[in-house]
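Single chain ahead, written as structure tokens, the form predicted alone.
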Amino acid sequence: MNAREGFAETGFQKAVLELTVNNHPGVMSHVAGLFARRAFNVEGILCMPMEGGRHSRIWLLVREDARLAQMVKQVEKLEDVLEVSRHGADHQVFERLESFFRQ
């Protein structure tokens, strides 16, 4: 079962948040901590450094619900977050990663 199927079974829509952040220790914990403090469940998280190493990209697989817009606003306020993009169910970063582990 892939991430898209899992959400379909539970009746929830998913969203993928894509963050560009400054790459230094603690950034990932700040982002994850923000979601944890607000009891907002993150289904999956992936972080990779970008070319050059000064920045990283973080992808968060989350449920699409009424609080998500507010969470995006809170994430945008974090000092090390440079950009936030919100993608719908058609974004396949987690499905591509899942297929890598099946091989």
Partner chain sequence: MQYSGAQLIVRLLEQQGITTVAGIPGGAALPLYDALSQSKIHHVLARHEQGAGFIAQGMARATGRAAVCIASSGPGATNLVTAIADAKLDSIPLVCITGQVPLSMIGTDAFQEVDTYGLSIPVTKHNWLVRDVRELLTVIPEAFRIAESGRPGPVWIDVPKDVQNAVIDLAELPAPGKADPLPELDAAAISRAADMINRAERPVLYLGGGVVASNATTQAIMFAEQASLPTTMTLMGLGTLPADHPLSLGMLGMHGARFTNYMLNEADLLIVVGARFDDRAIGKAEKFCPDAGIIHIDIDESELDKIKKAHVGIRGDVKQVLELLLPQVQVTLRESWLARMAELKAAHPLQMPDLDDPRSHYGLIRVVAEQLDDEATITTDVGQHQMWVAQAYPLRRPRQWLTSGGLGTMGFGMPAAIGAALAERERTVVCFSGDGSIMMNIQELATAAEEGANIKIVLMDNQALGMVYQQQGMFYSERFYAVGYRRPTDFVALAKACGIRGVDLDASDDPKALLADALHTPGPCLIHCSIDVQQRVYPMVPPGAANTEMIGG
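Positions refer to the first chain, counted from 1. Remember, predicted model here, so these are calculated numbers, not experimental data.
The following text describes the form predicted together with its partner chain, which does not appear among the structures shown.
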Check for me: heavy atom within 4.5 Å of its partner chain in the model of the complex, for each of H24, H30 and D80, yes or no. yes
**Message:** Test of understanding: in the model of the complex, would R37 fall inside 4.5 Å of its partner chain by heavy atoms?
**Reply:** yes
### Task
Look up in the model of the complex whether K73 has a non-hydrogen atom within 4.5 angstroms of its partner chain, and give yes or no.
yes
